[in-house]
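Shown below, as structure tokens, is a lone chain in the form predicted alone; questions about how it binds or moves come after it.
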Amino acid sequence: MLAKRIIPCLDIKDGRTVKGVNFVDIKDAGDPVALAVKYAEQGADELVFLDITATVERRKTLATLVKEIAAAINIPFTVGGGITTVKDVELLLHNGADKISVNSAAFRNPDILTQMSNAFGSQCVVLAIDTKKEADGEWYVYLNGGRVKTSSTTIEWATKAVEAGAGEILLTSMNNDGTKNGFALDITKALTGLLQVPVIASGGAGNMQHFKDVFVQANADAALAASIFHFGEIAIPDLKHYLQENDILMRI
């Protein structure tokens, strides 16, 4: 049995860490390098950095930040935002990223998952899915930072993406994001029961029980959160001890 992972997420905008609710109402949350160091020292298993307003022109700017982070921490980290080509991946890995995350670009061209997986290994390719439950009870894929709805269901797209080469799924529920009401257990459980790759649950963490629920009830491989860590509401060492006391295998 593999240990479950706790992953702080740093959404980056103009070189700063920010946090919103339901993908809007963005607020400043601090310096990303300083936060990365703090989380590594606290025992985070990995980190995720997402450039939420990335464009091709700013890719080199992000690479500089990646290099700073890599020099400051000793745990794996994933970088995403505006990555569309094997060359983009190469640049970020060269500057110290361990994995990359792709979202909208992969949906529009699933072949890039195959290209990236062939070039760097599937374990390096994380597919981020922003999903929203609609009135019909189905979970749909959204693109462009949650601004564009597609007709594809999350299960359909996740299955296709793993076949194309994605080695891990980062699943963010837009309904739950920033609400602190708990993770989306139903869609998370659906994916973990279906896919042969790890699933990271994201969106909705508000207390320690929520992490326990997503690990036990939905069998997530990892749980990602932002504001509760950024603003000191939950300390990672306390969370890990709580989970371990509840018979969930953790790296302490």
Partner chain sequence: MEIAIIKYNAGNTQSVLFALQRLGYKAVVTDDKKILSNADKVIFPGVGNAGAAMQSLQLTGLDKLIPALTQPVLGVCVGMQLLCNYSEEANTNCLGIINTSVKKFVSATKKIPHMGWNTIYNFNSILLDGVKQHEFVYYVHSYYAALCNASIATTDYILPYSAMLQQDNFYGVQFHAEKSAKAGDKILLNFLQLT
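What you see is a predicted model, and the numbers here were worked out from it, not measured in a lab. Positions refer to the first chain, counted from 1.
The protein also exists as the form predicted together with the partner chain; that form is not presented, and the subsequent description refers to it.
Annotation: in the model of the complex, residues 2, 67 and 71 each come within 4.5 Å of the partner chain through at least one heavy atom. Interface residue remark: residue 150 is not counted as part of the site for the partner chain in the model of the complex, having no heavy atom within 4.5 Å. Residue contact with the partner chain in the model of the complex: residue 77 places a heavy atom within 4.5 Å of it.
The partner chain in the model of the complex comes within 4.5 Å of no heavy atom belonging to residue 108. Although the partner is absent from this view, residue 87 stays clear of the partner chain in the model of the complex, with no non-hydrogen atom inside 4.5 angstroms.
95 is the sole member of 104, 115, 175, 95 with a non-hydrogen atom within 4.5 Å of the partner chain in the model of the complex.
Residues placing heavy atoms within 4.5 Å of the partner chain in the model of the complex fall in a single listed stretch, namely 87-95, out of 155-163, 178-186, 141-149, 87-95. Counting a residue when any of its non-hydrogen atoms is within 4.5 Å of the partner chain in the model of the complex, the one hit in 110-128 is 123.
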